[in-house]
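This document opens with one chain alone, in C-alpha cells, the form predicted on its own.
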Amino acid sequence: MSARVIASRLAQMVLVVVAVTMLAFGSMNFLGDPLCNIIGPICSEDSGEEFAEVRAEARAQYHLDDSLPVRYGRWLGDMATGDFGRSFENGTKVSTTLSNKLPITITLMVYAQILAVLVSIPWAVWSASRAYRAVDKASTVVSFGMLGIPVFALSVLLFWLFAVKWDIFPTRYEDATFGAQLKSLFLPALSLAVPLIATYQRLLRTDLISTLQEDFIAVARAKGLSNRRVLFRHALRPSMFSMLTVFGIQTGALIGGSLIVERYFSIPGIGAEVVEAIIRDDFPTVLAVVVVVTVIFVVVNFIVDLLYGFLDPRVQLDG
C-alpha cells in the first residue's frame, strides 16, 4: 500500500471519528438539559431562587450557556489532549475511569479473538480437506448450532458448568496476577468467541474449497507436495480475505457482546461502566466511551486494510 493510500485512509479515519463524535455529542444534548443530569431536580427555575446560585455555578463550570457548536468545539479540543471531562455522577475524571477499566475490556476482546482464530483456522482447514463428506456435514451442523446460541445464554451455561458445578474457573473477576486475570476472563472470552469461531470457520472453509480448485493448487499437487503443505502453505493465505474482512467488522459486535458478559461475570470493564453511565445519564462518560469505541473500530479496520496486501501482494487498494 502506497504512502498516498495510507494517508487517504488515515484522513478517512479522522473524518469518521469526527462525524461520530458530532452525532453523539448532539444526540446527548438534544435528549435533555445536561444541567438536570448534573444537579438534579433543582435545575428547574420552579425549584426556587435559593438554588439559583447552584444553577449558575453549574452552568459556568460546564459552559452550558455557550452555544452547542462552541461547546462541541471545546469538548473536541479537550478530548484531543486526553481530557474527557468529569463524570456528572461523582466528579471523577473520565480519563481516569477509562485508564482503569478500558484495558480489561480490551484484554477480553483480544482474548476472544485469539481463541476464535486458534480454533476456527485448523477447523476450517480440516473441514475443507474433507469437503462434502459426512464429517464435513456434521461440522456444518455444529457450526450452525454455535451461531444460533445467544451470547447471554452461553454465558449462563458456561458459568454454571465450569464455575459453579465443576469449580474449574473462578466465579468472580480476579486480577492479582496476569495468570489469574486470564483464568477469570476465559469463560467470558469463550462466550464471545463461540459465535466468532463458527463465523470464521464457515467463511474460511468456503473460500478454501474454492481455492483448492485453482490451477496453482493443481500444480503444487503435481510437484508431489504433501496435502498438509498444500493446505497450509499454498491454499490458506489467499483464502483468508473474507475471514479477515469479517474479523474487522466483528470488532463492533465484540464491543456490544462485552456489555453482556461483563455484567454477567462481574467484570469491572468499560462495558459495565457504560451501561451504568447510560442509566445515570452521565453524558461525559458515555461520550468518552463512544469516542474510544469508534477509534478502536476504525484502527482495527485500518490494520485489516494493511493486511490485505500481506495476504496477496497483487491487491492494491485505491485511495
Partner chain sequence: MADTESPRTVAPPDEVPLENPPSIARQLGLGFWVSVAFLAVVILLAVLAPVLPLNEPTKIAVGDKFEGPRPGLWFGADGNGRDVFSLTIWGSRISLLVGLIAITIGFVVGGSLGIVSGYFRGMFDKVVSFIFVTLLSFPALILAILITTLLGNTVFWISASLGLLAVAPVGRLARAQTLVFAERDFIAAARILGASDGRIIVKELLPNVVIPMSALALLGMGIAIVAEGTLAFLGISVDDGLSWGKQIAAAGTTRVLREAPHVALFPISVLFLTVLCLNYAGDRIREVFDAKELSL
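Note that this is a predicted model, so its numbers are computed, not measured. Numbering follows the first chain given and starts at 1.
Same protein, other form: the form predicted in complex with the partner chain, not shown, and the subject of what follows.
> Would you point out which of 111-119, 71-79, 175-183, 238-246 contains residues with a non-hydrogen atom within 4.5 Å of the partner chain in the predicted complex?
Checking each option against the 4.5 Å cut-off leaves 238-246.
> Would all three of A58, Q61 and T107 be in contact with the partner chain in the predicted complex, where contact means some heavy atom lies within 4.5 Å?
No, the candidate spot makes no contact with the partner chain.
> Among A218, I168, V156, V135, which has any heavy atom within 4.5 Å of the partner chain in the predicted complex?
By the 4.5 Å criterion, the partner-contacting residue is V156.
> Does the partner chain get within 4.5 angstroms of any non-hydrogen atom of I267 in the predicted complex?
No - in the predicted complex, heavy atoms of I267 and the partner chain never come within 4.5 Å of each other.
> How about A19 - does it come within 4.5 Å of the partner chain in the predicted complex, if we only consider non-hydrogen atoms?
Looking in the predicted complex, residue contacts with the partner chain include A19, since a heavy atom lies within 4.5 Å.
> Classify P103 as contacting or not contacting the partner chain in the predicted complex by the rule of any non-hydrogen atom within 4.5 angstroms, answering yes or no.
Judged by the heavy-atom cut-off of 4.5 Å, P103 is well away from the partner chain in the predicted complex.
> Can you check whether L15 is within 4.5 Å of the partner chain in the predicted complex, heavy atom basis?
Flag for L15 set to yes.
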